[in-house]
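Consider the single chain below, provided in structure tokens and representing the form predicted alone.
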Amino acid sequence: MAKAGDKSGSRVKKGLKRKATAEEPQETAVAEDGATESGVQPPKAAAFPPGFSISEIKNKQRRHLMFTRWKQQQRKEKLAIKKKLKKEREALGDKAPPKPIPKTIDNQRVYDETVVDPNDEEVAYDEATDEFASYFNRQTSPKILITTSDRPHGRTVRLCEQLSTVIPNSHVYYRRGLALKKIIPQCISRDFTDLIVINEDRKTPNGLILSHLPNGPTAHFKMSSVRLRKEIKRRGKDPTEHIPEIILNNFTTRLGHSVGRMFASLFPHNPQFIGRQVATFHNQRDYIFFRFHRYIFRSEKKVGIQELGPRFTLKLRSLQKGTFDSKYGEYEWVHKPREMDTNRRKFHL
């Protein structure tokens, strides 16, 4: 009987221990959520230990949940630091230190020896004697021929027609099976100064060849992100026949300088400001973004702009001396991805 009593007593003690251990986490959870009776918040434990790695969690749902919590925690810490710095700057007033410049790929660019110095005598001599000197000396006025690849589809044809409304004194002709080597002499005999060829693949424009006549150079671009006028949201009315202004941004190297001069030679010298139209070639990380806008002065400080279209993005593939010659042409520069794209902070334009 005594042995049976001892066993029953030990079972009761074990049951009480289990209840106590089950109630302990609930009490600690309540203590963590609310304040203690004394009104002092207990110190919170770190949500993620130093050696914790979310990728080690095997369960996908649990891993996703922990990742979202980790992102929320990072966001809260970043916001708290931002608020603290703002209070410090307000307290210091005029004596506050200047804001740090954020690090970007653009301002961390690798130094390039070919960056153009506007006061360089060698650059000035090259500009005075290159193929575009007659245009910049106002001896010739631009006359552009725009054509396509063989048997173009509707999207490419519409892009050519819309480009002809952007570039003054431009004419659209269809290839009809003619080779470029036969088209170029005809263009020179009819006093065209530039030839633009838009290539396509799978009914989508994917390439642009720009050849300056009669002596070159010829640039080949990859074309992407093409948007026609109907595809642009909140676009303005169709452009007028006024000569637009032209903006060239960030063409800093010798190669970029020559490419920028090629684009500049497409437009006449004297823009008609009454039309309030601007064609922009913006170079960023070797991608050239083309936009066409109309602007309006709302007040002395505010200006409103309205995109007219079309828009597209270009990336230089090669620059060739002389007119187009795919077999025997001499190339000044060719893009080689495996050799040139090893560093994200190195740009060529």
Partner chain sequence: MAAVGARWNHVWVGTETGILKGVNLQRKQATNFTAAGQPRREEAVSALCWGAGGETQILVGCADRTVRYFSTEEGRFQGQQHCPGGEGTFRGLAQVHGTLITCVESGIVQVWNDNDKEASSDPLLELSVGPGVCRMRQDPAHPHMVATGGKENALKVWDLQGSKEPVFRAKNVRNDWLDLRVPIWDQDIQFLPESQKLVTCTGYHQVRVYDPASPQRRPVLEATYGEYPLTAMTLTPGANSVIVGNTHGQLAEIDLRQGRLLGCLKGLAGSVRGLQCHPSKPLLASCGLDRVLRVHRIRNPRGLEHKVYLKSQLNCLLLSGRDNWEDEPQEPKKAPPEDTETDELWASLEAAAKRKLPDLEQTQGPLQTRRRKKQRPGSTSS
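Positions refer to the first chain, counted from 1. These figures come from a predicted structure and were not determined experimentally.
There is another form of the same protein, the form predicted together with the partner chain; it is not shown, and what comes next is about it.
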item: Interface membership of Asp106, the partner chain in the predicted complex, 4.5 Å heavy atom rule; value: no
item: 4.5 Å heavy atom contact, Arg254 to the partner chain in the predicted complex; value: yes
item: In the predicted complex, Thr204 touching the partner chain (heavy atom, 4.5 Å); value: no
item: Close approach of Thr129 to the partner chain in the predicted complex, 4.5 Å, heavy atom; value: yes
item: Residues Glu113, Lys327 and Glu330 all lining the partner chain in the predicted complex, heavy atom within 4.5 Å; value: yes
item: In the predicted complex, segment of 115 to 123, 218 to 226, 268 to 276, 143 to 151 with a heavy atom within 4.5 Å of the partner chain; value: 115 to 123
item: Among the candidates Arg63, Lys315, Lys321, His282, the residue which, in the predicted complex, approaches the partner chain to within 4.5 Å (heavy atoms); value: Lys321
item: Members of 331 to 349 lying within 4.5 angstroms of the partner chain, judged by heavy atom, in the predicted complex; value: Tyr331, Glu332, Trp333, Val334, Lys336, Glu339, Met340
